[in-house]
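Here you get one chain, nothing else, as structure tokens; it is the form predicted alone.
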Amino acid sequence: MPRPDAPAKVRGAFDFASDLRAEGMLYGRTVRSPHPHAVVRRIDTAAAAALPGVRAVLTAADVPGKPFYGLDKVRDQPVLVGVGETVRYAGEAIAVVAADHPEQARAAAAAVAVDYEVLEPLTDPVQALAQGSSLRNLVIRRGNPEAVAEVVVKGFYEVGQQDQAPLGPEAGLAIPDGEGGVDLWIATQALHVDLRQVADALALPPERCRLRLAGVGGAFGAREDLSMQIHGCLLALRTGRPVKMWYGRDESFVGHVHRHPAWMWYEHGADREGNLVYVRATIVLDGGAYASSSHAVVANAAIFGCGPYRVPNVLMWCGAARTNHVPNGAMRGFGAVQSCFAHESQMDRLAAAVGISPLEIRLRNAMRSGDRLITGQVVSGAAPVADLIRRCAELPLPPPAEGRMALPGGAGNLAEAADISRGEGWALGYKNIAYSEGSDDYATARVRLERRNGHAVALVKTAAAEVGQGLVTVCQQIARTELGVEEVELEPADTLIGDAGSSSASRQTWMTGGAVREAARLVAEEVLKRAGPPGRGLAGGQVVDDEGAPLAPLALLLDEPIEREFEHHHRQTGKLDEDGQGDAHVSFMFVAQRAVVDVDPEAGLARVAQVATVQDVGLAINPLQVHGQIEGAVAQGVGLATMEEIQTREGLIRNASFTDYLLPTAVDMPEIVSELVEEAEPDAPYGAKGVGEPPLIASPAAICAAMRAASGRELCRIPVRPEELSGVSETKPPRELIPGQPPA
């Protein structure tokens, strides 16, 4: 089925949040701290307020409601940092201005005079944790943490800080309603999550603060946290005029969270045949200045920190440090990406130590349905890990590189075919679906069936955010399937309907798709009641009997429209106990990947030739979109493995642009071969799982493994730097820690 938003997007006619306009619109701008750690001693706004075209200059004293915001676990981030308060990262918001023209707003922001008492920043996450500056720590103990093994391998691994790099920077438009309330059009991943924070800061009841989804130009976790939502609304309510705010790329780098950089110390023990006996690990994450979603990232890094393998004995310590860096939070596969690089690197080391292949070590230890995670939770759904591995091994390998552009270095003309070595690497990954750790995940949908121009039309409304993943297509397909009508319209997503949760954790097909299905089924039940026997179903715009034969046009039964709303819940998840044990997740999704990489070891250059992926998806509701999700995730995996990293020094980002923050382009993309394994997931709508995260969880590890195989280097860090690939330098741990023990 075609995507309803695709034609406008490929023509350039789609309205993204940064395209929005309103009559009499003002332009908002944020005043940000240049220091990563400082006390604000004085803020002077007089010069800024006196400039031409300036309509408002607001500080922390102008926030009418709660002065802090944050995701539901912790609200620790100030709306604006006021006099006498502490700045905790470079780029933190101090004041906001609104003016008639963007350049007037820029001049006003520059004219706000702020006096700082500069403090020494804390930028070392290991040191921060040792000093007790922690956002969350989690310990997982299972079996005998002191178990011994015949074969032992140890390793230190590091993952750099990755930006989600959405094509559309943060943007929104706030319009006051003239009665003290406000409407906010915003690019976000979670309308109701935003609403709770915005309404509290504005001291408004939620019904007076209406959030509406604007066009989202990519998300990948960057839209989980607020950016200008509160600021834009404050300015709109103060001036009585619409206020638009959008970030340039440099501001975007401090205006949203990033992937947590990680430092990981691992020890694996196995018997002489390669069967895992124990895993001990310490994982240190840099959470940055504020909590964001570090609570969940710590949990995922730890819980999935041994990979999709049977491990009887585990001691895992994971912590996120509070430092004076830009806050880190959710990014596609959050937490599991970092620990996957470590556990898969360890599995390769273990295979070499035992004397078997990387493929065999994974098959020997692969998780199966009915096995227990390291948290003690039973895998009750599908877990076809061994099947994924075998199928991936059977996928065709790429031919040798031909032509200059296919060689490492490409147009730089730096490599010769005779200097190239080709390597093959493997990685397995897995992750949870939906909210976890004590959550009762749910989503709401409303379906309306009405007659229009003599035929039946279905209208679907949810608050779920379409962030590029194709949820709009899935919801249309589900409504068509259940109601037997061709014409399905999606109403705009907003907070005028109940919560659909966040477009994160690969949950929307299951949760919002499930809500649409159940609401549509309630509508279908009412149609069949009106039709009376012998009607048994709906198809092709008709009421049909048990054999599918048409009985009556559906439209004839719609003199009065039928509308139903459904709140779709999944089972309550449990919290983890003091040993990290408990049923914390709804279900799981698995992937096997094989990467082929060409390397010029002497020059320190690499080019990914192929990434082959086999993924269990439960049911592919829209196979084209599933393959598209895999391709997009692999692109981000190529970036993390080979080039993408935010560079910081003394708390300051040094490469806040797409000129200096390198992204893979079309010429960097490998051949992508993907195969889907459809084994229905119990309780999921139509048996369908989520798909978007696993290919990014495993691909950086697989690519780095292939680079190791081609170069002979240890390569314990991603992205792999040229000097590491050529052997000029190698990754060193910032200090020695005992795997399984916290920094001390």
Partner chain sequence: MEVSSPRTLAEALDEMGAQPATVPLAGGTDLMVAINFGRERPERVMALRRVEELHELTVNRRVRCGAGVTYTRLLEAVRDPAMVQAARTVGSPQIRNAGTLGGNLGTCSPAGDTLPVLAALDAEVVVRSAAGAERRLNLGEWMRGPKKSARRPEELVVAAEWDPAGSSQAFLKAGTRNAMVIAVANLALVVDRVRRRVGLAMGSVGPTILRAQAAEDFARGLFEEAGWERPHRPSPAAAERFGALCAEAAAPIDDVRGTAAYRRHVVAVMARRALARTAAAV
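Numbering follows the first chain given and starts at 1. Predicted model, so just to flag it, every value in this text is computed and none were measured.
Not pictured, yet referred to below: the form predicted together with its partner chain.
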- Mark D419 yes when one of its heavy atoms lies within 4.5 Å of a heavy atom of its partner chain in the model of the complex, and no otherwise. yes
- Message: Can you tell me if G438 lies within 4.5 angstroms of its partner chain in the model of the complex, counting non-hydrogen atoms only?
- Response: no
- Contact label in the model of the complex: S369 to its partner chain, heavy atom within 4.5 Å: no
- May I ask you to check whether N453 falls inside a 4.5 Å heavy atom distance of its partner chain in the model of the complex? no
- Task: Quick one: find which of 597 to 605, 505 to 513, 185 to 193, 349 to 357 has residues within 4.5 Å of its partner chain in the model of the complex by heavy atom distance.
- Result: 597 to 605
- The one residue among E525, D250, E117, D177 placing a heavy atom within 4.5 Å of its partner chain in the model of the complex is D250
- Only hit among L414, L395, A110, V378 for heavy atom within 4.5 Å of its partner chain in the model of the complex is L414
- Looking in the model of the complex, the residues of 93 to 109 with a heavy atom no more than 4.5 Å from its partner chain, listed in order, are E103, R106
